[in-house]
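Here's a solo chain for you in structure tokens, the form predicted on its own.
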Amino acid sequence: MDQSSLKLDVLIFGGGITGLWLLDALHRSGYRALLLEAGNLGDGQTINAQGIIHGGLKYALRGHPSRASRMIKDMPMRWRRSLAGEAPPDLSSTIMRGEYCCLWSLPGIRSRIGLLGARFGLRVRPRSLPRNERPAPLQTWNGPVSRIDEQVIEPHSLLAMLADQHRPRCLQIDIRSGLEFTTSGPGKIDCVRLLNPETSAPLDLEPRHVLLAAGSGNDGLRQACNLPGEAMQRRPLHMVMARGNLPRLNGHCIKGTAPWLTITSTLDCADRVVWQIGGQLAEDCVDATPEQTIARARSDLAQAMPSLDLDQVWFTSYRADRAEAAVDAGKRPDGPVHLLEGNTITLWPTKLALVPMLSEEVMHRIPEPGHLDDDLHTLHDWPRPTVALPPWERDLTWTDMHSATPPSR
């Protein structure tokens, strides 16, 4: 092995929350691990996420327990311990959007049945929220409003904190012209050759194990590793954002047995309140134009919060893909999925909340570290990836209630 070759216990592709969480776990356990990122850390699913640490609300609303609901119900407590600094990884510096979500429903017998299911099907059960403790738009709501203790985090701050801790172990790569695999069978990776994006100097990595944690990018990586296709499915979303004269609010408005609107709030770089709006809206509007989707969001918000004043509120939308393991007939996976093929493991967490569970499953599949020196000083001149911008800080066109195409900023 020459000076440009480096032996590793584990090589990770993908710098979203799954890749960074596993990098942290591997480093703490004594493995020599590197993470490779072709874009910005968190690009795609993680940075576009609303940040809710779900405990299975969507499944509980259906009124019957499922494997998915059983798998996810303990995750809020697992995250809460890390966010409090009581369990690894220490996420205590993560910015919190809120300690709980509000829960309310539109009138109707199916919605009431759904809420009843939530009260009995969740580990963290909803509690009645007194009128004077409700966010302003819900203080005049005639029906019940509950509090469900699902924490809401700021994904950008989560990524930035883990990236800062593991900067020496994260490398920027050029996946189009600076990446080459040497394999001795499907998923059996012997060597990964990189070219430094700034100097074009080659670097050969010899990993004992490879983790593919690149979300939708797993498809192309699997092809490069001679692994069979059709292992992944994409589930698209069309999200809406609103900003302006809005209160801070995190919550779910229920219609029937599904979260009709899921709203989380944050502050942008100009200290304006921004709402991310998903739920059934984001699934129903996948094939709709931005104008149609925003019109639907305005109409839905008027029904869900009749007292909400949208006169000084601006809207935009963005599209996002959820990459998941392919299961029968395009159904959603019940939980996190990993596939071991050769010395390669492909990972799909399915939901942000399930990342700790996936990490623990993968750590049990990897043999003990090979007692390699973790000193990576030879990579000091390699460029490091930065954290992706959240969707509300991108160059998008925003529209108000009275104008179809106003300036974007």
Ligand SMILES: Cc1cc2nc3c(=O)[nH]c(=O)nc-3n(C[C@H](O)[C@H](O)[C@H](O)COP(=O)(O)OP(=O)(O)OC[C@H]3O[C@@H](n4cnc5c(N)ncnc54)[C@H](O)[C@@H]3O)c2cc1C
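The first residue of the shown sequence is 1; numbering continues from there. In this text the structure is predicted, and so the values were computed from the model without any measurement.
Separately, the form predicted together with the named molecule exists; it is not shown, and the next lines address it.
Just one of L91, M305, L249, M239 comes within 4.5 Å of the named molecule in the predicted complex, counting any heavy atom, and that one is M239.
Site annotation in the predicted complex: the residue of L162, A214, L261, V192 reaching within 4.5 Å of the named molecule with a heavy atom is A214. In the predicted complex, no residue of the candidate spot (P135, Q139 and W275) has a heavy atom lying within 4.5 Å of the named molecule. With the named molecule left out of view, the stretch that reaches within 4.5 Å of it through heavy atoms in the predicted complex is, among 359-367, 337-345, 29-37, 376-384, 29-37. Contact check for R322: a heavy atom falls within 4.5 Å of the named molecule in the predicted complex.
For the chain shown alone, W104 is not a contact residue for the named molecule in the predicted complex, no non-hydrogen atom being within 4.5 angstroms. Mapping the unseen interface onto this chain, I173 counts among the residues with a heavy atom inside 4.5 Å of the named molecule in the predicted complex. Within 4.5 Å of some heavy atom of the named molecule in the predicted complex lies at least one heavy atom of I17. Of all the residues from 343-360, those having a non-hydrogen atom no more than 4.5 Å from the named molecule in the predicted complex are P349, T350, K351, L352, A353.
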